[in-house]
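Coming up is one lone chain in structure tokens, specifically the form predicted alone.
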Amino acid sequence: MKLYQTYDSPFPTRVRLLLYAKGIDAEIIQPPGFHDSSESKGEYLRLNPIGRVPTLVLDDGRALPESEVICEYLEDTYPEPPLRPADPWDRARMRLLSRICDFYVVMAMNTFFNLAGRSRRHWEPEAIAAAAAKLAEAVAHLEPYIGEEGYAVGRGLTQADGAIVPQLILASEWIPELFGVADPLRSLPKVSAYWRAIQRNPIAARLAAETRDAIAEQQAAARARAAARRGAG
């Protein structure tokens, strides 16, 4: 089994949570053509015509894209230990929290993703302030539904934790540090308590460390490219 993914994207993180928690052996591969690579995605597009990460490739060569679909497949195929709650209501909350991350939090971060790829002289304070307000509103959608026992739902890891952990790193660490805006967690006591607690879980801590390391690597590469452009000019 192979997982094609990048460590700085929040979507493959939820798949790695299942791999780690269930002890599934999979080769992790970063496909060509991502980040600022000059390589073509040609080879990867043959596996996943959508062209996004992650993609899970089974031993028989079948390829499955889309993180939530991959997680459902792995849960069905490797049911122990379970990472979907047994209670239907809790299972619905798990899916709701993941959906909030995918349809609200990530979308609210798009302005920051776009600005991060541009020179700072093109950053408009008004656009940053508006994006920060939109992000705070999106993250606040988690507050009514987040668990209060150290996990997103219930008393153990679920697929929702894999969705939330990398996005909180982006929303409450990377964006405030890079753009000088307020941490949206400051006004969210339940999400803040969750964030402190979940990082004490070894698997969640591993995912968080992988995400932070990948972000730091990308930032270092961006600084090196900027320095090279200045030197060339």
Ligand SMILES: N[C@@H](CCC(=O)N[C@@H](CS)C(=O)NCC(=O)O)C(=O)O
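The first residue of the shown sequence is 1; numbering continues from there. It should be emphasised that the depicted structure is a prediction, and the values quoted were computed from it without experimental measurement.
The same protein has a further form, the form predicted together with this ligand, not shown here; the description that follows concerns it.
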Region of this chain that lies against this ligand in the model of the complex, out of 176 to 184, 52 to 60, 189 to 197, 22 to 30 [heavy atom, 4.5 Å]: 52 to 60
Exercise: Arg206 in contact with this ligand in the model of the complex, heavy atom 4.5 Å: no
Interface membership of Ser9, this ligand in the model of the complex, 4.5 Å heavy atom rule: yes
All of His141, Tyr151 and Asp161 with a heavy atom within 4.5 Å of this ligand in the model of the complex: no
